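The chain that follows stands alone, in the form predicted alone, written as structure tokens.
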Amino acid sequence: MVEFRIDRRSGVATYLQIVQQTKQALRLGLLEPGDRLPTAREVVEATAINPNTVLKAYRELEREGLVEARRGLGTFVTRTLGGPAADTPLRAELADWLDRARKAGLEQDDITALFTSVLEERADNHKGEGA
């Protein structure tokens, strides 16, 4: 089961953090069709956020066709996103890179900034190619 981590300093709305983390879990194969998301009560107990915030996130995921609420049973994943990225050689290479970055003294925020800047740079370089 997925565990949500809420970063109150991120500037990202709490419900969107839940949506984004759920989508990430779907992309990585950590959640699969048929899996149940934590109940609103479980999320509230783990994160100390408002239950309505959890319900708003789950409604958004349902609107996007990723989950389905079943009365009295919970909210269940209906489809995945992307391929099986969790067990690819690329993931292992990225984990090795992350280890090297940590050994080089980079903190999590530094690593995130570096990765994001390269990702955005590459996305900009590939715009218009083969479109």
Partner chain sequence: MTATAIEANGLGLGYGRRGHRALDGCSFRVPAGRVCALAGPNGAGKSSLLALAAGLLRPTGGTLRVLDGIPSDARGSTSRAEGLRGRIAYVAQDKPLYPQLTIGETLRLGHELNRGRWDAALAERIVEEGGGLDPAARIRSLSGGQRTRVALALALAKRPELMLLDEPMADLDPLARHRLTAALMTEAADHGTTIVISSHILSELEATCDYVLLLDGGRVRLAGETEDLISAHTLLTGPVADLPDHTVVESRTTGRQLTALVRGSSAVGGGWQTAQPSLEELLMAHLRSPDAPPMLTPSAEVATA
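Numbering follows the first chain given and starts at 1. Here the structure is a predicted model, which is why all the values come from computation and not from measurement.
The same protein also exists as the form predicted in complex with its partner chain; that form is not shown, yet it is the one meant from here on.
Partner proximity in the predicted complex, defined as non-hydrogen atoms within 4.5 angstroms of its partner chain, places exactly one of 37-45, 60-68, 98-106, 23-31 at the interface: 37-45. Although the partner is absent from this view, Arg79 stays clear of its partner chain in the predicted complex, with no non-hydrogen atom inside 4.5 angstroms. Shown alone here, Gly74 lies farther than 4.5 Å from its partner chain in the predicted complex, counting heavy atoms only. Taking non-hydrogen atoms only, Arg5 never approaches its partner chain to within 4.5 angstroms in the predicted complex. Its partner chain in the predicted complex comes within 4.5 Å of a heavy atom belonging to Lys56.
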